[in-house]
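Heads up, the chain below is alone and in the form predicted on its own; it's given as structure tokens.
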């Protein structure tokens, strides 16, 4: 396949992108208080060949504080030094540097700054659980906002950014508040008709173009379609009308769909390129360059987008996180070496906690500065050692690949017939097929290396490991799901469960059959309970899902899936009960205690209970080996160290490898801390 068209330059107003790979703005979790991490993350993308690298939402004024979400700022001179360094670090590698100037409007909280939230109308902010209201902007407020945005644009230009964004997307923008009738209840020239509601966006676009003055490009990031609003802007109605009204103003259209859970849909609920049916019309409406997103990871599909004329630039957030070197690998003809995003949204989940983002596929994400980890370059081992890794799941595979790249002789032994561990097993569950990429990518890489020996169907014990005589041994034997009732809300085993037909997720993934009516009790609260329920329905069982919390799959709120999961279960006919804990039962019935006042005890017919709770690390081999091998030569990684998310297992495997590579007391064993200047 000839991918040369992906490396053609693209004129964006007065600036030129060196290729069509465009790393769109996305949150990194660093914000204005941890700039070194954000700078290094974005510079790594520029080093990896992304022709344009953009900075996330950057607050243009003090009245757009998003509280727990670490956002960058540019409304004070104090922030300019960092922005200048950030722009320079991107541009030194030949990429364009863009900055997303934003005002959150009715999504702001202003807990930090203590000033009123502003918007077009007197309404509560767009987070119903937060007791804050927005104050309707008068004409003076509108003038002040325009002045703030203009000053921010001037500051961004001074800092050296090539592309200045006007941000009207994801329902996290004051412009969106003015555009939609849901929040714009004004009767003056900024409300009512669509032309009036577009007025503020048009004025700020014109202000920003005036500031750019033909020296910087101006991009408009706009959600052409809303999926979850009471009075939505849609791609076939007002969304298209707005694009037509403003078609010739910005130098670049960056288009997507809204809200965020639709824009950043997981692979469980959408295919690659899922936004295209909503956004492809834009290219037919404007003669300006268009960039769009959709978790595009396939170079062939990227090429198709360009050749079909549907986009001018390939936008990416999550694919650029999973593999910052994706463009360079395509250019070098190394398509098979691309570390493809699996669409799990672990990166997205960090935003809820205000922490630096993580990635299941790329364990070096957010560690570029603080630990000095590079996604492609592993420091060479000073002395090649022979390393035995026991366990070929996500942690073992990542550990083996990292150590092999450093030059060590690596032997990987796996007890089962194939490598992959939980990545292989979980990818067989409904909606999780993309998760197999964690396994496939690493197995392929290891199979190409002469210094790696791989042995499936080899269960090793202490004697075999001692006899093998490796210099270092890594135990990555995973974990097992508990069947004794211990979970997130119950820390004591329930002996009466031994008398019942109880399956665990391990049993389900191994293909063990259930009988009759199935009750899934979810006391883990991530994806597994709902996926197992879906699998049981797929096998033809009547299924009831019970959870002790007030929502199903509670933690998936952070991966933007909770609403979709509930809808899926309802569509499948899964009966759902929340706020109930296991109380007792026999071979035909289960009793549940009500955990919320006013609810009665629940009794359900049940032939098979699938218990989704805690896990136990398989660390027996490690504990025994420590008594027989030299101190410091045996290491524990992944779920065998502590059960957790798949991302944590991959990260653990990588970290153990880095520690083996490091000398004693190396800086790799800890990480550098950001120290904001108190002045």
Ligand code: ADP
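What you are looking at is a predicted structure, and each value in this text was computed from that prediction instead of being measured. Positions refer to the first chain, counted from 1.
The same protein also has a form predicted together with the named molecule, omitted here; what follows describes it.
Visitor: Would you mind picking the one in 102, 324, 392, 98 that has a heavy atom within 4.5 Å of the named molecule in the predicted complex?
Guide: Of 102, 324, 392, 98, the residue with a heavy atom within 4.5 Å of the named molecule in the predicted complex is 392.
Visitor: Report the residue, out of 34, 27, 636, 621, that has at least one non-hydrogen atom within 4.5 angstroms of the named molecule in the predicted complex.
Guide: The option sitting close enough to the partner is 621.
Visitor: Is the named molecule in the predicted complex near all of 61, 64 and 137, within 4.5 Å of a heavy atom of each?
Guide: Heavy-atom distance to the named molecule in the predicted complex: none of the three under 4.5 Å.
Visitor: State yes or no: in the predicted complex, is some non-hydrogen atom of residue 460 no more than 4.5 angstroms from a non-hydrogen atom of the named molecule?
Guide: Residue 460 belongs to the contact set for the named molecule.
Visitor: Is residue 476 near the named molecule? Define near as a heavy atom within 4.5 Å, in the predicted complex.
Guide: Residue 476: yes, in contact with the named molecule in the predicted complex.
Visitor: My question is simply whether residue 225 lines the interface with the named molecule in the predicted complex - judged by any non-hydrogen atom within 4.5 Å.
Guide: No.
Visitor: Contact with the named molecule in the predicted complex for residue 470, defined as at least one heavy atom pair within 4.5 Å: yes or no?
Guide: Result no; residue 470 lies far from the named molecule in the predicted complex.
Visitor: Any idea which of 511-519, 168-176, 495-503, 421-429 reaches within 4.5 Å of the named molecule in the predicted complex, heavy atoms considered?
Guide: Within 4.5 Å of the partner lies stretch 421-429.
Visitor: Counting only non-hydrogen atoms and a 4.5 Å cut-off, give the residues of 8-35 close to the named molecule in the predicted complex.
Guide: Read in sequence order, no residue approaches the named molecule (within 4.5 Å, in the predicted complex).
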